[in-house]
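Below you will find one chain, with nothing else, as structure tokens; this is the form predicted alone, and questions on how it binds or moves follow later.
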Amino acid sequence: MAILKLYSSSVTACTRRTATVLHELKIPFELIEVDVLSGAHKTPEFLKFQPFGQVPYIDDDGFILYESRAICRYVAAKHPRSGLIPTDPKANALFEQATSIELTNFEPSAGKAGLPFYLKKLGWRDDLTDVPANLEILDKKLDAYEAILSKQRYLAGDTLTLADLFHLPYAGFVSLGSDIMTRPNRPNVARWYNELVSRPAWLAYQDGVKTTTEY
């Protein structure tokens, strides 16, 4: 079977999310670099496979799929023993609840606060205008996270799932310019966050995603 191909830029946020999950599952992949700065993701050839002109997308032995969370769900479903997607109906319902929390209560403000810090680090942009307002929103959201994580180890229960990993990369990026994820008034958020960003799968690509064929 052909190695999975990941079409993207090595430094984009959603690529990092996807590669982190591939690493967790020990799935070999080849990164096909897409130069987003030159607009390679907007070319007719790229749009044949990703009609929105966004990265990443994968080619898994001829099967094309885009959207990072969909890709992560797909590869995790192919490796059910990982437990990253629970199969028990109640555990799966709590997992779906947790993924909805990440998408609606975390990503909007964390993305708008964290991405500017990351782009500044890359030297691509230096505009932090919208960061304070989004940190304020995120601060309130994390109070609810503290309530949840005071009762269980992870967002969907006591087992790591994709719902937790989906918080990467923006949880990591927001910490480039703020201590909001590790403040002492939210010890359980800090515990959870520190565990996530200490995982080998996250650390493996701290200098950018790269082709990974061996683990």
Partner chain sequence: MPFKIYGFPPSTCTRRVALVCKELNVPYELIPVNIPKGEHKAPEYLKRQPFGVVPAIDDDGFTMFESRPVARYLVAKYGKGSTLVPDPKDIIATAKFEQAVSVENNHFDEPAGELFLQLVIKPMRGLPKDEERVKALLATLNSKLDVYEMVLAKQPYLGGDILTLADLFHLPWLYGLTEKAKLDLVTSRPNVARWYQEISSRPAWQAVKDGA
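Residue numbers count along the first chain shown, from 1. Source: prediction; values computed, not measured.
Only in words, not in the display: the form predicted in complex with the partner chain, which the text now covers.
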item: Heavy atom of residue 74 within 4.5 Å of the partner chain in the predicted bound form; value: yes
item: Partner proximity in the predicted bound form: residue 30 to the partner chain, non-hydrogen atom cutoff 4.5 Å; value: no
item: Distance check, residue 176 to the partner chain in the predicted bound form, heavy atom within 4.5 Å; value: no
item: Residue 148: touches the partner chain in the predicted bound form, heavy atom cutoff 4.5 angstroms; value: yes
item: Interface segment, criterion being heavy atoms within 4.5 Å of the partner chain in the predicted bound form, picked from 157-165, 180-188, 59-67, 31-39; value: 59-67
item: Any residue of 76-114 that, in the predicted bound form, places a heavy atom within 4.5 Å of the partner chain; value: 77, 78, 90, 93, 94, 96, 97, 100, 101, 103, 104, 105, 108, 112
